[in-house]
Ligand SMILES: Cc1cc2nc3c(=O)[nH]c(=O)nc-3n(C[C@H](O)[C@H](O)[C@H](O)COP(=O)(O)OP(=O)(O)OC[C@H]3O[C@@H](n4cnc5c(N)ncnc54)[C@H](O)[C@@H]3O)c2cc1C
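This document starts with one chain, in the form predicted alone, laid out as structure tokens.
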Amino acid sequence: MNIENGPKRAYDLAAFRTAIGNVRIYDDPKQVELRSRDYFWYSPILAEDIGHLVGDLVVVPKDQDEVRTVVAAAARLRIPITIRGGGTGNYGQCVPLEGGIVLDMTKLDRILEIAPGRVRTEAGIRIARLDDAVRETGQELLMYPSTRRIATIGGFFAGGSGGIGSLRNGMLRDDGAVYSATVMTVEPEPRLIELKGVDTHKAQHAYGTNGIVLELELGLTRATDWAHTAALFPSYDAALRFSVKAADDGLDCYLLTVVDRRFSRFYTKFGELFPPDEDAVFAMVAPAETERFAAYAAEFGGRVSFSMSLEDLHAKGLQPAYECGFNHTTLQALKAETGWTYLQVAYPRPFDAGIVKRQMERFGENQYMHHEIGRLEGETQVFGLPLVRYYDREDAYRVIREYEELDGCEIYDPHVYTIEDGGMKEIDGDQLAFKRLADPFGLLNPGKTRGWTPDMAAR
């Protein structure tokens, strides 16, 4: 539903400016608009519904003390706050539906401690910088999004669920992924709350609606110098079945991305390494497993197109394998051609490749197939991120119904901006209870959770 660009803007911004003193503010309309956006435009529906909405001010605190100053002033004056990291979310997580303050957290980027198996960091750090730092100690992050270069770790925690590395290490909610989260409340006298273990779920994937995440303690694993690899196959079915078998048999990979040959025209830098007459699997493979990877591919009629170190890829001007998967695949297509959108799909377990064959026959040129192999609840899980020809809202939801009703798939709807409608499907009582504690006035990212209604706000 389209939201009118007319929220209640009786905010005392002059008093807010006075209260926060020398904290950096941007009020130039172009800057405010830029930082009020994320990658919601992947969905034409979201572009229509929320693409016109912007904040009133962008505030960029340089440290936690300045965050406290900003939050205290906003709480006293009842001004909404929308938290922003790298702005790489694709559900409109950092679009302010009711104006107010866009709180840019990217200056809170200190690494506080690196220990065996763990790192403690401020939430605004870019993931690439964090992962590079822990790699200097012989360790690496368990997972990250394909937007590793520009996404922040706090944004990934608040908006993500898994990514590159989830094939090997599971999902963000799994034990050992996140050990603790330090959250600031939005009150005239803000407090810090430390969530540990499963209690971190109270703030994880909550779109920043129930507390401002300042610090995270994350699990690490031993670093691997992954071989960035692609294998080519005579059919999409063969590429997909190869990938599932590799995952089921425990081939040591950090990423297995299956991409329809029709995507090749969007990957022009690869040239004959990804030709238009073969389907591809982009992978990050442990060096000790490269021969086994090639042997498995041959069993399904495949061949290795390339296998390079990250340094060699960069030298040849090619992107790393993690930028050939997940929503970077969608991005590659949307940058090149208009008229497309996408879906996010979880297939039933155990996986039946026949479902995908039937979908390809049914949708033809209206969908280009793309699948990610992950691990969910200890089992191989196949996720789909197909590129979908966009006609109109009605047709988009017809396609979703077919996935659900004909194929038994679960859809994480990318055309909505509320937590529940996107993936959770129901109101999370623990997250709502934590919001009452951490955001009693309902000022954080209002409109992004159906569980909170205006009458719940403290007076």
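So that there is no doubt, residue numbering starts at 1 and follows the sequence shown. Keep in mind the model is a prediction, meaning the values are calculated, not measured.
Absent from the display: the form predicted in complex with the named molecule. The rest refers to it.
- Contact between residue 280 and the named molecule in the model of the complex is not found at the 4.5 Å heavy atom cutoff.
- Contact annotation for residue 257: none of its heavy atoms lies within 4.5 Å of the named molecule in the model of the complex.
- Mapping the unseen interface onto this chain, residue 39 counts among the residues with a heavy atom inside 4.5 Å of the named molecule in the model of the complex.
- Remark: residue 224 does not count among the residues lining the named molecule in the model of the complex, judged by a heavy atom distance of 4.5 Å or less.
- Taking 97, 73, 130, 331 one by one, only a single residue has any non-hydrogen atom within 4.5 Å of the named molecule in the model of the complex, and it is 331.
- Out of the listed residues 211, 80, 374, 386, 211 is the one that sits within 4.5 Å of the named molecule in the model of the complex by at least one heavy atom.
- Contact with the named molecule in the model of the complex, judged as any non-hydrogen atom within 4.5 angstroms, is confined among 311 to 319, 148 to 156, 264 to 272, 357 to 365 to 148 to 156.
- Taking the named molecule as positioned in the model of the complex, the only residue of 432 to 459 that brings a heavy atom within 4.5 Å of it is 445.
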